[in-house]
Ligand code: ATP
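Let's start with one chain on its own, the form predicted alone, as structure tokens.
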């Protein structure tokens, strides 16, 4: 029987999850979970969320269950995946402390993802230390479960590469102790970094350019109809740009041939629709209505599952508590291994106990 690989992935509880999370990671997590080839550990990273929300902890408390509901809604199954809360596994904080000693301040400041996020949050002159050390905390999260695979978006690549550096440095100093992880990104390049409805930036809660998994049908339609297209495509007969057009980027990410048969039968596939739009003759309203039909179809069952679990909140809390207990068992095993490798399990080290003073009397 083929050995199952361990996955580690998760999200910050700073708001409900959106379509960018779905195509960038969530959909892939569900597929990997259901393949039977993996053991997924999925964390709600509340400690990392506190690094830039320490003065508003209620925001984290409020969104903890929202993220858990979104997990269940998209099909993450607690019978197949271990869903847990970062702060309830204190071993992760201890591992972070050990790894801090292996990374320089300069290396942290050069991380492209961290540099971008510091700028987005206006932290250039007053970045919290915890936020700057985000990659180290993530390295602890990953290695605590011997994770070999990390599903994520393209923006996670610089952080994961730094995590891999930490693993290699640790193993070089203390011996082969930690597992080096691999990032798995979506095959579709559009899905790796889904643009927001403004067409300018990555979909982000902080930029308010999201379509949330829990949005109701009217809200989804309103957001889709307001999406950025091509400012030069004024008349239907005008040639249009599909490369920088947010609607077509979403169609690249979500539409399938079956959607054309169902909602836009005059076209066989997306290539035909793109070609017509580029030469002129297709209006923005038409493509937006098509996208709305697709998103409504995708999100309806997700909304229905979410509504079910909203009526069974005790189950959600129990799931997180049990998942955190299960995750802690594994993290304790790894932490023990790390402490032994460093040589700080002093009280079980018989050689250390007797090495210094064993022959004192003989030397008098």
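If you're wondering where the values come from, they're calculated on a predicted model, not measured in any experiment. Numbering follows the first chain given and starts at 1.
Although not depicted, the form predicted in complex with this ligand is the subject of the following passage.
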Candidate site 257, 292 and 296: all three near this ligand in the model of the complex by heavy atom within 4.5 Å: no
Single option in 249, 233, 192, 288 placed near this ligand in the model of the complex, where near means a heavy atom within 4.5 Å: 192
Of 229, 156, 88, 133, the one that lies within 4.5 Å of this ligand in the model of the complex (heavy atoms): 156
Close approach of residue 200 to this ligand in the model of the complex, 4.5 Å, heavy atom: no
Partner proximity in the model of the complex: residue 164 to this ligand, non-hydrogen atom cutoff 4.5 Å: no
In the model of the complex, residue 121 touching this ligand (heavy atom, 4.5 Å): yes
Residue 171, heavy atom within 4.5 angstroms of this ligand in the model of the complex: no
Those residues of 44-61 which, in the model of the complex, come within 4.5 Å of this ligand by heavy atom: none
